[in-house]
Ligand SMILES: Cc1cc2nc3c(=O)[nH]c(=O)nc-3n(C[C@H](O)[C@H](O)[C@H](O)COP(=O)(O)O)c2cc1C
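Here you get one chain, nothing else, as structure tokens; it is the form predicted alone.
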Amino acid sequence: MNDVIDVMLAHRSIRTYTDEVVPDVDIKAAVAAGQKASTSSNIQTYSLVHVTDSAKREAFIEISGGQEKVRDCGAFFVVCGDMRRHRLLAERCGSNCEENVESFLLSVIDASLFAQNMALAFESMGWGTCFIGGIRNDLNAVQALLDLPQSVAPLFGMTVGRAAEEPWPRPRFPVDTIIHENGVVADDDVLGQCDAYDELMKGYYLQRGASGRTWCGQMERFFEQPKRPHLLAFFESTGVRWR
């Protein structure tokens, strides 16, 4: 392989950190690398909030459902979809800035590509990372806590720091189950692949002290009820129109 792929294949979500602070020089280098991710038509619809205030970090523990790593990590960020630049430019020239499903998707995709690039950059420098979807438990609280203006929507958090653990690598689906040629496989084949993946995951769950857990069962429970239904109203409040 090569050094880049080696870093990518070595990824593990780090949830326990030392008290080492991530220096600004590393943060700026990782952000610059993140900005080199692809962005549709160079629109760059994202922003990054570096949360350094200790009281705000404490508040994020409650928002994220008790995830103390947002306080204990060496740096904590909130990744935002950001249409504000585009809205302000439109207002300045007396034009419209329509925020619909497509613009929302563009901002989410742009922000995600940026964040993944940034995470890889941090990991290449020896830092551990973990994405924090738990901030979506209460985006109104996040918006108020960070004083975010219209058209700037928090999407997820990211912890960065020096790892204080060596978690077992989590297996992914085999590559041949992800690649499809000229279409996708039949439903029965998909279910067979899921069952085979359960067998692959047995060792991982056993190592974590969760013998008897299955990936299929976990997914069945995870999607049994709608997740965070309040998000629709929040994103509408930021200016998104579903048309």
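Note that residue numbering follows the sequence shown and begins at 1. Fair warning: this is a prediction, and the values are worked out from it, not measured in the lab.
Not on display, but discussed next: the form predicted in complex with the named molecule.
Stretch-level contact analysis of 167-175, 84-92, 139-147, 97-105 against the named molecule in the predicted complex, using heavy atoms and a 4.5 Å limit, identifies 167-175. Not displayed here, the named molecule is kept clear of Val79 by more than 4.5 Å at the level of heavy atoms in the predicted complex. By the criterion of a heavy atom within 4.5 Å, Ser47 is excluded from the residues contacting the named molecule in the predicted complex. Contact annotation: Ala111 falls outside 4.5 Å of the named molecule in the predicted complex, judged by heavy atom distances. In the predicted complex, the named molecule sits beyond 4.5 Å of every heavy atom of Lys56. Taking Cys130, Ala75, Ala115, Ala121 one by one, only a single residue has any non-hydrogen atom within 4.5 Å of the named molecule in the predicted complex, and it is Cys130. For the partner-free chain shown, His11, Arg12, Ser13, Arg15 of 1-34 come within 4.5 angstroms of the named molecule in the predicted complex, judged by any non-hydrogen atom.
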